[in-house]
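Read on for two forms of one protein chain; each stands alone as structure tokens, with the labels structure 1 and structure 2.
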Structure 1
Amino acid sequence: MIPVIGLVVGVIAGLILQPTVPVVLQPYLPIAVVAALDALAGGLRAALEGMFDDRVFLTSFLFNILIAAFIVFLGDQLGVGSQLSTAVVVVLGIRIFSNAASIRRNIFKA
């Protein structure tokens, strides 16, 4: 429960404060959002399957975002930034889809 409340507080704070993002970090934003979606889908599925865990959820959330950003950074340095971004999006996208399918099965039993 605590991390969910924390996330909501963070979202509200983000909407109210509207801080500006440094230009350096801007290429990583789309990937970070996709990684966050993946962690959210995973957490929701775990909760529905009765094995949700705060710490796993938060660490997967945090590390998803950090690693996704790092891969994009690495790609930029190697000159294959857009390709690596695509790779990250494909992998995370597949995971989001499969998790979403499990969530659907859990909720609708179909």
Structure 2
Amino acid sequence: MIPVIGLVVGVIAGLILQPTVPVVLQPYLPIAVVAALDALAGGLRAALEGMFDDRVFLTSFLFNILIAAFIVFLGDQLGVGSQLSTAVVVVLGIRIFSNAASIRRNIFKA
């Protein structure tokens, strides 16, 4: 119940405060969101399979975001930021859809 309350409080705070992202960090925000969604999908899949471990989830969540941001940063330094951003989104997107398919199979037994 605590995570749900935290989510609701966070959404309400975001709507009320309307925070802005500094221009320097704007290229990293979409990648961080996709990386976080990948970790969430993986956590849900693990929970449905009865193998959820909160430490694995937390480290996966944080490291996905850090690694994805680092790859985008590296791409920006090399002058190929948009190509590496696209590559990160494609890879994480494939993982998200793979986890979604597994979740669907677990829920509907199909």
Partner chain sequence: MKQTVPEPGRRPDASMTLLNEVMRRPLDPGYADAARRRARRAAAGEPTEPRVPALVVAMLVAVGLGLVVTVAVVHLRAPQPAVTQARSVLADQVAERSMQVEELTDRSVALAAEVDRLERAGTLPSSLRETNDLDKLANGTTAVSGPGVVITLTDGGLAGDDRDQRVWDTDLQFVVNALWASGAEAVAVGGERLTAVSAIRSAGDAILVDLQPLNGPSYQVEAIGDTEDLQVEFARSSGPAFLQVLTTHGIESSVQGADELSLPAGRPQTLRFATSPATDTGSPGPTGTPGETSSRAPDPGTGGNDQDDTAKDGA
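So that the term is clear: the rigid core is the largest set of C-alpha atoms that superpose within 1.5 Å between two forms. Numbering for residues begins at 1 and runs along the sequence of structure 1. All of these numbers come straight from a predicted model, not from anything done at the bench.
In this comparison, the chain shown as structure 1 is the form predicted in complex with its partner chain.
In the rigid-core superposition between the two structures, residue position Val21 carries a C-alpha shift of 2.4 Å.
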